[in-house]
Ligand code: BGC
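Let's start with one chain on its own, the form predicted alone, as structure tokens.
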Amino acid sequence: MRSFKTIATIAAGAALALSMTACSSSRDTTTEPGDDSSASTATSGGDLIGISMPTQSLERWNKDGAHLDDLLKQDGYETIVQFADNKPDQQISQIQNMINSGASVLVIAAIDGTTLSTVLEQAASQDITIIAYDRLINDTENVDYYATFDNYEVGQLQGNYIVDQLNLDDPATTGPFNLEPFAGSPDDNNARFFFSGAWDVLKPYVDSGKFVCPSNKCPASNDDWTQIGIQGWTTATAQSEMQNRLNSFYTGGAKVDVVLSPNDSLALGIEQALDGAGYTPGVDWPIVTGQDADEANVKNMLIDKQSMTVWKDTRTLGDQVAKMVDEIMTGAEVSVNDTETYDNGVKVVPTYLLPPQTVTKDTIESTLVQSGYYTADQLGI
């Protein structure tokens, strides 16, 4: 039974890096030296839209920023796009720059959804509309809309995939199977929903003894997910954590059977740790889940080092947000399909939800390639 109401994240077809340019307009789009931000403006007239993304160190945020920037320019808007190197203070500074530059709408994918209250008060005082992009902004009344994927369903897809692959609902399947769960960054509001969706599926099998956790890292409840959260969603931290678990709890021939990874960045580090520990695809490689359909992970799926990924085609997220921006700017009714679920601690934020999709090795071509998200040449197929 769900312990959270269904809650709602990859983009494509755009350049991975954004040029740091300032056009002939009067808008100031200068970026701070040394950060991983970039800014661009349209060369034609129109109202200014600010786009604040968390980092350029993850493939998906580069693509998200580039795609949304391109769509808004096509609609005739000027843009500022900046990336904040996963530093909340830097993101706040960049948002202040967008406010001072005269932005009419801010689209924000928050690094830490609890740190933006003060800067959003400044935005509200200048009648700037705020759209939270993929990550809910918490503890403020000054967020107007939210657009995301059903993030609880992401976890459900991962958990159900594991159950199906191990045939756990067959009474003849007794196990026990060794399970190692991971969770996302504790400062990312979405991470708890990813974990909750998966854990609501998997925990009954832990309770029944079909799963055991040699590392003792299985949380007692959904609320304890931060104990296994990987700060910043970093590949290197996930690799180190998996190495520690393997070295400490999988000696004497014991093998891990399943790794619940909430996204592809963590999965990549986990897979590197498994490689280093001598696991062999097709022989003793465990089930490893993921999310985002990052290119390196899709290639790992093709060589049986990752079992699945949850694809959230963020081209569609960008399309929806661009539509919402235009509705705001033209005074039209803003498209939402959920006005009850997303409570940020101060208000229920009107939301537009998009559906995620499971991708496996057998469906890469029919989903990722046929949709144009990747070419066959990119993936080597």
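Small disclaimer: the values here were computed from a predicted structure and weren't measured. Numbering starts at 1 and follows the sequence shown.
Separately, the form predicted together with ligand BGC exists; it is not shown, and the next lines address it.
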{"item": "Three-residue site Glu180, Glu271 and Lys305 fully in contact with ligand BGC in the predicted complex at 4.5 Å by heavy atom", "value": "no"}
{"item": "Asn297: touches ligand BGC in the predicted complex, heavy atom cutoff 4.5 angstroms", "value": "no"}
{"item": "4.5 angstroms heavy atom contact with ligand BGC in the predicted complex for Ala66", "value": "no"}
{"item": "is_contact(Asp292, ligand BGC) in the predicted complex, heavy atom dist at most 4.5 Å", "value": "yes"}
{"item": "Val325: touches ligand BGC in the predicted complex, heavy atom cutoff 4.5 angstroms", "value": "no"}
{"item": "Contact assignment for ligand BGC in the predicted complex, among Ser196, Thr79, Gln94, Asn190, heavy atom within 4.5 Å", "value": "Asn190"}
{"item": "Of Lys210, Lys203, Arg245, Arg135, the one that lies within 4.5 Å of ligand BGC in the predicted complex (heavy atoms)", "value": "Arg135"}
{"item": "Stretch from 219 to 227, 163 to 171, 182 to 190, 297 to 305 whose residues place a heavy atom within 4.5 Å of ligand BGC in the predicted complex", "value": "182 to 190"}
{"item": "Residues of stretch 49 to 71 in contact with ligand BGC in the predicted complex (4.5 Å, non-hydrogen atom)", "value": "Leu58, Arg60, Trp61"}
